[in-house]
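In the block that follows, a single chain appears as structure tokens, in the form predicted alone.
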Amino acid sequence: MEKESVTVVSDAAVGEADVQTAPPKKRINKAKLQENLWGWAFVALLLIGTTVFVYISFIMSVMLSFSDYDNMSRGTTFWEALGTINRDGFFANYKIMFEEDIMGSGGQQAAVWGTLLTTVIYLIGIPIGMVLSLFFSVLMTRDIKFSGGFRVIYYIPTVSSTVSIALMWANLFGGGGLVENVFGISFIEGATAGWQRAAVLILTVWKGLGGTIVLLVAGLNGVNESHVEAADIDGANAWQIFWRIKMPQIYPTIFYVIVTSVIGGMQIYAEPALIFGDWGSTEAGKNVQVTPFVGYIYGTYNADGDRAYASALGIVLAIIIFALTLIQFALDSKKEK
């Protein structure tokens, strides 16, 4: 009897221990679940749109760039051509951009490199805009009257319609415009390539100032004031404080602006096309002095009807942008080391 009671007690103790060590069942937090569902509902359209119009479209563009679409009959649908391979070779659509025509005038090769050079020249506006934005942002962080009003004034071009600004620019810098009447210089009709490109550069710098100034002002307002005060006590002048104290702290903002500006600058299209009319994009390779690379792609697709070749050009542009971005990040990491 004594042994049996010991056994019963020990079994009960083991059962109690099992109950204590057993993990508690997870209860579903209905409020948190509902919050997550609402969150996914709000971002669902963005996710679907990005997946369909960015990732899937990019994959299809890559497939089309290797296809035989341009050599097929015009009745061929996009879906029929998507799985084909160019009869002249897998990379035939990419080789076209490096070919010269029979007369030796450069052909597609001249158009590709000419429009790429024009795009790179338009990128000159990025450092110019950065220097001007830094200058104005420093002024706006000082205790100057109406500085808030100036911020609004400088930001207006950023939110204004690109079409309306470009049309205004064409009238302002074109023949019979204010600039020609005052300075005797026409930037558009009958002007050299240098003046025509200058008109686009001035527009892009002026239009981009507002957004960059807002970001830099926010960065400058976030500078640690104790560092500024310590430098001031040590006898540093205004330039030394800005260059040694403030610049390193707003460098992440500057880096972000430069990277996004280069990505956007390589895709410039609307401004030259609207200012110069059909010079900008309606015919591939036409007037490469003002036509950017994206304008050449649109001209190849719309005017010439070469869908596969235009896709190959688009992929090349994507590779160039990706390479430039990698170089910038590499230089940034090298600077940090």
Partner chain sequence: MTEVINQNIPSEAGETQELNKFQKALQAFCGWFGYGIYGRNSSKKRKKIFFDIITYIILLAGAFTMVYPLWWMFAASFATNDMVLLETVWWPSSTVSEVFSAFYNYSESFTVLDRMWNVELSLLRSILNTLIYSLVPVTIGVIVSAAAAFAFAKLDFKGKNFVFFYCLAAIMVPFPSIMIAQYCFYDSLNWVDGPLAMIIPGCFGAILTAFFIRQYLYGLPTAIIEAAKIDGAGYWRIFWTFIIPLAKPAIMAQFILSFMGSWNNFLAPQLFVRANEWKPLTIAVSEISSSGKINPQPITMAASVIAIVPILVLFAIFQKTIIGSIMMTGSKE
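We call the rigid core whatever largest set of C-alpha positions still superposes within 1.5 Å between the two forms. The shown structure was predicted, so the numbers you read here are calculated from the model rather than taken from an experiment. Numbering follows the first chain given and starts at 1.
Although it is not shown, the form predicted in complex with its partner chain is what the next lines describe.
By the criterion of a heavy atom within 4.5 Å, Leu117 is excluded from the residues contacting its partner chain in the predicted complex. The closest non-hydrogen atom of Ala303 lies beyond 4.5 Å of its partner chain in the predicted complex. In the predicted complex, none of the heavy atoms of Ala193 sits within 4.5 Å of a heavy atom of its partner chain. In the predicted complex, Asn181 approaches its partner chain with a heavy atom inside 4.5 Å. Proximity to its partner chain in the predicted complex, defined as a heavy atom within 4.5 Å, holds among Val217, Ala199, Val112, Ile96 only for Val217. Comment: its partner chain is not present in this chain, but in the predicted complex one of Pro127, Pro248, Gly175, Gly83 has a heavy atom within 4.5 Å of it, namely Gly175. Shown here without its partner, the chain carries Gly89, Asn287 and Pro292, none of which come within 4.5 Å of its partner chain in the predicted complex through any heavy atom. Across the options 240-248, 119-127, 73-81, 223-231, residues that bring heavy atoms within 4.5 Å of its partner chain in the predicted complex belong to 73-81.
Scanning 230-256 for heavy atoms within 4.5 Å of its partner chain in the predicted complex gives Asp232, Pro252, Tyr256 in sequence order. Taking the rigid core as fixed, one finds a CA shift for Leu45 of 2 Å or more between this form and the one not shown.
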